[in-house]
Structures are given as C-alpha cells and as structure tokens.
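Heads up, the chain shows up twice below as structure tokens, two forms, tagged structure 1 and structure 2.
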Structure 1
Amino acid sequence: MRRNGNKSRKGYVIMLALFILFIFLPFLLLPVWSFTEHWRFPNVLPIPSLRTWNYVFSAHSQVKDAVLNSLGLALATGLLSQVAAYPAARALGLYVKRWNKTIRFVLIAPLLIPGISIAIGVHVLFLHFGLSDRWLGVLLSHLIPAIPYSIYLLYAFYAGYDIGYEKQVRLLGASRQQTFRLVELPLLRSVLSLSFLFSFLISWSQYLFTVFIGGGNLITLPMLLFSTLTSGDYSLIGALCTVFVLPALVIVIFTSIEVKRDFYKGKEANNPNV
C-alpha cells in the first residue's frame, strides 16, 4: 500500500512539473530570443547579440517612457480602486441585505459587456468632459474594469467578517480610526494585497482603453509591444516581452509572500497549542 502511495505521489509530482513547464516554457524562450541576433535553420544554437538590449536602454528608445507611464497608471489604478471598492464592499458585505445580488450584478456588468463597446462609449463621454487624450482620462478608464474585481474580492472578505471584534474594541473606548488600524486592517491586509495585485495587473496589461482614451499620445508598454509585433523582429519582441513581464512578476512574487505570511500568522493565532 505504501509503495502504491509513493508511486501515485511521484505521478502527481511529474504531472505538476509538466504543467509548470507547459505554462512557463513560452516565457522562458523570450529572454533567450532577446539575446540573439537570429536563430535560423540549420543553426542548433542562436547567434548571441546585445543589439536589442542596447536599443531598449538607448536614449532615443521609447521603452523608458512607456515603462514609467505603465507603472504610474498601474500603481494609481491599484490604489484608487481599493479606495473606491472598500466602502462599497463593506456596505454590501455587512449592511445591505435587500437587493444585494442585484447590486452585485450591476457592479460586475462592465465585465460582461464587450470591452470595445465600453471603450467607444467612454471615449465619446470623455470628449465632452475634456478628459480624452489625457493621462487622467486613461487612468479613469482603467478603473472601469479594475473596480468591479476589487469590490468582489473585498466583498468575499466582508461576507464572512465578524463585526463583533470592532464592537468590542469600540466599547473599550477606541476611535473609528484606531479600530480600523488595529482590528480591521490586519485582518483585511492579505485580501487587500490580492485586490491591489489584480487591479495592478489589469491596468498593466490594458491596451484597448489606452488606445481609445489616450489617442496615441500616451505610450505604454502594451502599445509599444503591439506596434513591434508587426515588425517581425523576434529579438526586439523578446526583449520588450521580458520588460513587460518582469515588473508584474516581481509584484506577484512580493504579494504572494505577503499573503502567505498573513496566512501562517492567522493559522498560528488560531492554533491553541502554539
């Protein structure tokens, strides 16, 4: 029986390794392509070159501006979507019982409608308000798909949240700010990190809204990448894809570590033997 258990465990490990390889293999080829001049038949190995990276870090390249624009938009979208989603999620999870499902369906409606329809409508609306072709207009358009995800993630937390903790602290004389800082925020932190991560990634990879609302005046990494795809220069495409993936990957790793740390802290706090 034990031998069968070991065999099945090895089988699961091999399947997991193949699955991870299948997911990451296309990405692993991108850095390789970025350091090659060309890789054609009958060459077994690619011809190495730093041409594309010299271009990426050169003064006349648009990559630096595109990275700064994408990073600024993604960070602002991540922060603002949490500010907008927090009161809505808390109200839906703790106080609003009537029409709760209908309100949540209305909130998620922007995700069910084709993005191009929303982008055209928002573009016309922003033209009237003078927000088109502006950084602020692009930021507001990125919030449209990000806020519903944040509300749903935070709502899942507040749906199971025991408000009795807050009431006990308030009875002991704590203010609303102290209650939020000492009781609510430590419990909310892991979900808040995940919600910020989702919003960041949505804005980071946003192309459609940036093109429509930005009008081509605001260059971001997805726009630069899409314009390079038609060039057929695989080395440059590999370098830009690597630049595009790395910041998001760093954010994902740090957020995962933070969530894992909070999970183990909560597990230790609930374990009476610790």
Structure 2
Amino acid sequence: MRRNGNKSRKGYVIMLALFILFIFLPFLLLPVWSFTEHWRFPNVLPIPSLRTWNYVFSAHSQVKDAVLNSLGLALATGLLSQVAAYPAARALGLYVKRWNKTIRFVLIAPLLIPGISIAIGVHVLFLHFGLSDRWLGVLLSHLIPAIPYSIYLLYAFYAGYDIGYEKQVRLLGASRQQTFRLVELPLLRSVLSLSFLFSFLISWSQYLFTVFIGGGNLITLPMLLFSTLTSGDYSLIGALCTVFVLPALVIVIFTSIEVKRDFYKGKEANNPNV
C-alpha cells in the first residue's frame, strides 16, 4: 500500500464514488421525485414544484392520518415489545437453563419464517377471537415480528452480562430498584434503545400484517404507499417514500454513534474473545 500511495489513493477515490453511487443513488432519487410537478420520459431534469408536499401537509390529505396511525402503532409496538422482551431475555440469559435453546428457538422463529405464512395463520386465529379489523389486533400482530427481534438483541446482551455486579451492589445494601437503576440500566441502555428503535421500525414498515389483520380499515403509511403505487403518481410516491425512510435514518445515525462510543472505550472492544 505504501509503495504506490498516490496510485491507491486515486483508486480509493474512484471506488468510493462508485460505492456511494451504488448505495445512495437508488433512494436519493425518491426525494428528488417528490419535488417535481411531473417528470415525463425523455427529460433528464424534472420540472420542480411543491405540489406533492403541499398535498401531504394539506388538511384533507390521507397522509397525515396514515403517518399518525403508523406512528402510534410503531410507538406502542416499540414500548410493548420491550415490556415483553426484557423479562424474557433476562430470564433466558441468566436463569433458565433447561429448555433454554428450545424456548429461544420458538421466540426467534417468527424472524425466520416468511411473513406471508405467519400473517395468514394469525389472521384466521384473530378472526376466531374477534381481534381482526381492530387496532388492538393490528398492534398484537405487529408484536409478533417485533418481540423476537428485541429478544434477539437483548439476549445477546444478557449472554455476556456479569450478574456479579448486581450481587455485589445487593450485598452492599442496595435495594432492587437501586440495583436496577444504578447497575443494570446504565449497561443495558444502549441495547435497549436500539431494540426499541428496531421494533419501532419493524412496525413502521409492516404491510402484510396490517393489510390482513386490519382488513383495510386502518390506513398506515405502507398501505398508502402500496395503494399510491397502482395510481402511478410518482411524485407522491417519492414524497411518501421520503417520509417513510426518515426513522431508518435516525437508526443509522444512532447505531453509528453507539459504535463510535464502543470504539473509544479502548482495545477491549476489539478483543475477539469477548
């Protein structure tokens, strides 16, 4: 590398440019589309306009309702998923020895089984219990893929967690609340927030479960996106996609900050034995 530093530098820049083009070009076009009046075939440059954004923010548009529905569902899913996953992950990581692998497999399986087979089965099940076509049913169905993800992340944390710290603090006279607040929570915080963000994102981008369980009564952002797709209004599609991608960007930025923090902790972070 040193020998021909100049040459590899040039290669680096070219590769970086190609790489950025490969990763970003596809979805950078979407916000561009959203600011066009229309963009007919031979034109390489579009006619700019705020038409779609005016529509998105106007009082009569469905977009606002869809965003609010999606947001409410995703927030509830994110929170409830942590409430269910946190005790389960802790129990699996620290206390449960027998059947551990089997229980973990059952809890993580919905991540690996295709959404369509789960959605159809769960729809029939929820029809039996009168949960379909209702907000609660949709929320429960979103939890089915969200909880496994949270357990996957939190279990990895507890598998490497040293319960000795907690015992130490308890020995020194701390109460349960104090132990949780002063020992467990600070260590858990970054994993827990990551797990919240991912559950949020799973619910936010969920289409199949919402369509089947919601029966078309509950309009969320992905539902609107799919129905707009058939209309062929690419300016509106671009705007919806832009709104749709925003939470994902928050997650990327958050994880990169967390990774950096790990990086500065010192050499131990890179130790392969950890």
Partner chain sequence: MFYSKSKSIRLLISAGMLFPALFIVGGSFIAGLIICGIQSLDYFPLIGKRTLSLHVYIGIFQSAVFYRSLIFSLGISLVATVLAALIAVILALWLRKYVSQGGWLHFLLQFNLPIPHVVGAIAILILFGQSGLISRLAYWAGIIQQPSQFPIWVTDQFGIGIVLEYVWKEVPFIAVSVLSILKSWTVPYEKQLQLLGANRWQRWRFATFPFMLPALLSSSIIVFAYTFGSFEVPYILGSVSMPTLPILAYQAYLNPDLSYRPEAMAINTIITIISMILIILYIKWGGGYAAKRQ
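We call the rigid core whatever largest set of C-alpha positions still superposes within 1.5 Å between the two forms. Numbering for residues begins at 1 and runs along the sequence of structure 1. Keep in mind the model is a prediction, meaning the values are calculated, not measured.
Engineer: Form predicted alone, is that 1 or 2?
Structural biologist: The form predicted alone is shown as structure 1.
Engineer: Would you say whether residue 43 is displaced between the two structures, judging by a C-alpha shift of 2 Å or more on the superposed rigid core?
Structural biologist: Yes, the C-alpha position differs by at least 2 Å between the two structures.
Engineer: Once the core is superposed between the two structures, does residue 128 show a C-alpha displacement of at least 2 Å?
Structural biologist: True for residue 128: a C-alpha shift of 2 Å or more.
Engineer: Does the distance between the two CA positions of residue 83 reach 2 Å or more between the two structures, the core being superposed?
Structural biologist: For residue 83, whose C-alpha is compared between the two structures after core superposition, the shift is less than 2 Å.
Engineer: Quick one: how many Å does the C-alpha of residue 253 shift between the two structures once the rigid core is superposed?
Structural biologist: Residue 253 is displaced by 2.8 Å at its C-alpha.
Engineer: Using the rigid core as the frame, report the C-alpha movement of residue 17 between the two structures, one decimal, in Å.
Structural biologist: C-alpha shift for residue 17: 4.8 Å.
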